[in-house]
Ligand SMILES: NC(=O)c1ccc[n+]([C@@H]2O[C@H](COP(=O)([O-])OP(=O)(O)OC[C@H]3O[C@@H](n4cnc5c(N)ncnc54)[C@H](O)[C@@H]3O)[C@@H](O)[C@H]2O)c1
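Next up: a single chain in structure tokens, the form predicted on its own.
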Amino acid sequence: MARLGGKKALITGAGAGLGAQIARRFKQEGAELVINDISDDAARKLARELGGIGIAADVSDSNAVREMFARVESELGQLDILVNNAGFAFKPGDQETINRVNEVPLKQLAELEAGGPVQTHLDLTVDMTDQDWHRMIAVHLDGTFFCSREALKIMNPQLSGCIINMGSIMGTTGGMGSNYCAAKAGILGFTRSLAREVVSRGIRVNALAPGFIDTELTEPLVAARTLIEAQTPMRRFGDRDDIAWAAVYLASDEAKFMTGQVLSPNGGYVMSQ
């Protein structure tokens, strides 16, 4: 099939993980790709694999984003699809936070089963630095805004386009750190507002809110995985294609009546988004 035939798509944070798999499925469905990543090597490597253009840029830097979209317009002449996928959950080397997320819920459960009270606490927010807060918000929420703003400068005159923002079930349930959840909740609100604003130009804006998916982002959740799977009705993590094919759907004409919506492949972990 060629569900995205003739479409030109930019995917941020696509050097690995969900972004890379979305890119592969978009290519399979006929899209012409621009692969963005903060790592130039990662962007260029996947671009070579898929016959696309690789552009390194930090999406939290509005000047870098502006330059990236100027290149897209210059080289492609149009932009039909933007996937705001760039993000992270744990900063590199933050073993302390990873240990807390893995160990504290299990300790709390054991304390409750022993008759309580709970004596072990997560305390992520009280120990969070300004830098940790601002970086998380900058990459996820600022990056989504910066990229959407520049994409609209191309899409608006076309009177067509599709923007897909990467949210998370953590944007509605909480967990995984208040900075991450705040950023993802903000993305969902931004999606709904922008969808109402640009629908008059024929542009659709939707969000994906993945549950726990087997990627580099969830690899650190070793001890917590058993508890997460027990809380998931399907009793497992999802795979990358569970999100990639959902992105293909939202980007295709099959979703022509979808805007301002949140599609959430999550194995039943959350049943209302």
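Here the structure is a predicted model, which is why all the values come from computation and not from measurement. Note that residue numbering follows the sequence shown and begins at 1.
Only in words, not in the display: the form predicted together with the named molecule, which the text now covers.
Taking a 4.5 Å heavy atom cutoff to the named molecule in the model of the complex, the contact residue among Asp58, Glu29, Asp242, Glu32 is Asp58. This chain appears without its partner; in the model of the complex, the one residue of Leu217, Ala64, Ala246, Ile53 with a heavy atom within 4.5 Å of the named molecule is Leu217. When the named molecule is considered in the model of the complex, Val139 lines it closely, a heavy atom lying within 4.5 Å.
In the model of the complex, at least one heavy atom of Arg135 sits within 4.5 Å of the named molecule. Thr191 falls outside the set of residues with a heavy atom inside 4.5 Å of the named molecule in the model of the complex. When the named molecule is considered in the model of the complex, Phe145 lies well away from it, no heavy atom lying within 4.5 Å. Contact with the named molecule in the model of the complex, defined as any heavy atom within 4.5 Å, is confined among 151-159, 106-114, 123-131, 82-90 to 82-90. Contact annotation for 28-43: residues with any non-hydrogen atom within 4.5 angstroms of the named molecule in the model of the complex are Asn36, Asp37, Ile38, listed in sequence order.
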